[in-house]
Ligand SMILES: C[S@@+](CC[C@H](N)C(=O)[O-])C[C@H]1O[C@@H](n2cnc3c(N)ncnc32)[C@H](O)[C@@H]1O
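Given as structure tokens, the chain that follows is alone and in the form predicted alone.
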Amino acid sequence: MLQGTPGRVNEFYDRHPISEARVLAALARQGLGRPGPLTADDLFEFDQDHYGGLAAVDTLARRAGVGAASRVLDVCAGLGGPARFVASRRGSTVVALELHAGRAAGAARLNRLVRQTRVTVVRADATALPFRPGAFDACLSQEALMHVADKPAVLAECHRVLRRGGRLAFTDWIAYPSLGDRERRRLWEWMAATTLQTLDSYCGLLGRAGFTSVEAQDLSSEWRPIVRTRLALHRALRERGVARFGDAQYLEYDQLHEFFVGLVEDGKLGGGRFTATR
């Protein structure tokens, strides 16, 4: 098992339920999309693949000190929903960095669909950022570093590309001491989650990467009702899921989803928000 390899992460996102095609289909059901003009706001109901919605993006941007003059790097940006939100709400210039080829291409096409000129999509590896030192005022990321095995490398790269005094703000899944090795393996197999950190160990990694003023907040109590609601919605839409995936695949996903929610309910898995200064 080559944990953290791009191949496994690509497999996970190849089958991910939030995709460019699903976003476009949802827009079409709302009577939006081609050929009429769209705004970034039209996409926000459909293109946010993280916990806490737009308020969570705004909180990260605020904690990172993002303003109209800021140069922002969104690390592992997916379809670019948060990047478009930051650019449209704060007037910032944003680089959306994404490794998965399909999601990077989808983010670029969605940007063109909304005539988004402040977001640029770059396909690259977060552990080897293709930017000069000090190129950004802020780095943001949401529940994405769980897919990166070499977390010290990605944090060191964020430190390198931030200007002095720049800020890193991100959220990620965190492990508690009771999370066992077998459960970690299942999380890897199901959602490509690797080298999960505790709240304290993440703070240690940030310090060793050269960051100062490190702050960490446990979001587990906020995320717990969200995962419950997502599981309930998944089951309420069983007929649609079976029609799309078939009985066997739907049942497998349902069992894994229940396992994941159980870890959160049992206090073995949770969420954390981290901010730090270059």
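Numbering starts at 1 and follows the sequence shown. Here the structure is a predicted model, which is why all the values come from computation and not from measurement.
There is another form of the same protein, the form predicted together with the named molecule; it is not shown, and what comes next is about it.
Participant: Counting only non-hydrogen atoms and a 4.5 angstroms cut-off, does residue 148 reach the named molecule in the model of the complex?
Facilitator: Flag for residue 148 set to yes.
Participant: Would you check, heavy atoms only and a 4.5 Å threshold, whether residue 116 touches the named molecule in the model of the complex?
Facilitator: No - in the model of the complex, heavy atoms of residue 116 and the named molecule never come within 4.5 Å of each other.
Participant: Can residue 63 be called a contact residue for the named molecule in the model of the complex at 4.5 Å between heavy atoms?
Facilitator: No, residue 63 sits far enough from the named molecule in the model of the complex that none of its heavy atoms falls within 4.5 Å.
Participant: Can you tell me whether residue 234 touches the named molecule? I mean in the model of the complex, with a 4.5 angstroms heavy atom cut-off.
Facilitator: Taking the distances in the model of the complex, the answer for residue 234 is no, it never comes within 4.5 Å of the named molecule.
Participant: When the named molecule is placed as it is in the model of the complex, which of 155-163, 108-116, 94-102, 195-203 ends up with heavy atoms within 4.5 Å of it?
Facilitator: Checking each option against the 4.5 Å cut-off leaves 94-102.
Participant: Exactly one residue in 72, 168, 126, 174 has a non-hydrogen atom within 4.5 Å of the named molecule in the model of the complex; which is it?
Facilitator: Of 72, 168, 126, 174, the residue with a heavy atom within 4.5 Å of the named molecule in the model of the complex is 126.
Participant: Have a look at 121, 87, 76, 138 for me and say which one sits with a heavy atom within 4.5 Å of the named molecule in the model of the complex.
Facilitator: Looking at the other structure, the residue within range turns out to be 76.
Participant: Report yes if all three of 9, 13 and 47 come within 4.5 Å of the named molecule in the model of the complex by some heavy atom, otherwise no.
Facilitator: Every listed residue reaches the named molecule in the model of the complex, so yes.
Participant: Counting only non-hydrogen atoms and a 4.5 Å cut-off, give the residues of 204-232 close to the named molecule in the model of the complex.
Facilitator: Not one residue comes within 4.5 Å of the partner.
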